[in-house]
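Listed next as structure tokens is one chain, alone, in the form predicted on its own.
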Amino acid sequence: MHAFCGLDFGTSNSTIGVGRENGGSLLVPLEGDKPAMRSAIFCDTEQKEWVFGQKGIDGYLEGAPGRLMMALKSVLGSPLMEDKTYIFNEYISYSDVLSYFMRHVKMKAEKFADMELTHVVLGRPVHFDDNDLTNDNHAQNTLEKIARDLGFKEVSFQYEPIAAAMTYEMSVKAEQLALIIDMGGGTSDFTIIRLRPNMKTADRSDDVLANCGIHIAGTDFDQRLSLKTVMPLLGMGSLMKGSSSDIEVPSMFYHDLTTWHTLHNLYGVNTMTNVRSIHAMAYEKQLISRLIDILKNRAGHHILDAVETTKQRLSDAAEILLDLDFIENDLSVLVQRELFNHVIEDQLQNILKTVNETVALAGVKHADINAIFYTGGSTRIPAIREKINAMFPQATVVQGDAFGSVGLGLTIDAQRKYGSSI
């Protein structure tokens, strides 16, 4: 018998589950009574402490001095993983930052379970890097090293959509061929798997027919929406005087302003100097003045948060007023779902292409799929669901817990691999 857990470290949200005494599995409450914690770390320079999850985000947005870091999972498998960042008067690596977050989650789970957790199944996307196997292996090795340094004696990995399938399988009444769709903040992952009632076996290699994934998901949709709706109000696409003719204001600032892990780079003296020079040459100076105010007040995270919230609300409404009062009094932009669908259309087509590739790789026909199981926050986007559902009109559509299905499945997997209870 081992003290085991399943840990889903997600781009936007994270969960961890432990075993029940009766042999079942459950997710640990990480933020109040909620099992899903925002994958965020706030370095509070005034209190000299790390603040995690939504509490950290709120503290930063309310004006506490410090550094907010989000979407850290997205740097796994990228060159940024080796970079260091200046926090608390020292340079620390991004892998150390990940370690702080995972340690916090592990400690919360150990307090809940009232014992040290020594065995873990970690979730991972189908691809950390879509095109480079070396980077992909390095990302997994980095996570494994962090987990072992935190005291886990046994560490194994499971694809996140397979973990979600294990959660869904607990409720099936008959054998079925299921398409599992896991779309979160960083990746969209797909598995075709044969599910059976009362399955207890850890090895599912014979049942898994195909796994595919692509690095397009929620944070990419947020960026597209922000570039289309908010960044033009800060001067993106406007003109300035060039050496021989008029040119567009450089777009690099706006792309950094819409990306979590590059945003902080804009708050340096050099960037402000460059933007002030652009202001002097710009025709629409009031727009660049707004950009200067954003950088001066370090309000980029406010924009990211507001855009993400707007995207989420568009799942239930045809249009939403995106309030930008924190930039300028009475500044807002009406965002329509139709516009959002338009700006992500090419990304959506790449997702649909990957779904078709999954079916082809499985060696089955679309008509063979009995059920579609959705998990992950991005699966709530109506355009995505409608187009995927239309590809499998005969399939039963099942909505799983958007933020908990993977974590619970990882815990079920850990239970099968490491023991019957904690």
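Note that the structure is predicted; figures quoted are calculated from it, not measured. Counting begins at 1, following the sequence as shown.
The form predicted in complex with a small molecule exists for this protein as well; it is not shown, and the discussion that follows is about that form.
- Contact check at 4.5 Å (heavy atoms) against the small molecule in the predicted complex: all three of G185, T219 and G377 pass.
- Among residues of the shown chain, S12 is one whose heavy atoms approach the small molecule to within 4.5 Å in the predicted complex.
- Though the partner is left out of this view, N135 does not reach within 4.5 Å of the small molecule in the predicted complex, counting heavy atoms only.
- The shortest heavy atom separation between D129 and the small molecule in the predicted complex exceeds 4.5 Å.
- Contact annotation for S315: at least one heavy atom lies within 4.5 Å of the small molecule in the predicted complex.
- The stretch among 365-373, 351-359, 380-388, 25-33 whose residues place heavy atoms within 4.5 Å of the small molecule in the predicted complex is 380-388.
- Contact annotation: of the candidates E308, E110, D207, E144, the single residue with a non-hydrogen atom within 4.5 angstroms of the small molecule in the predicted complex is E308.
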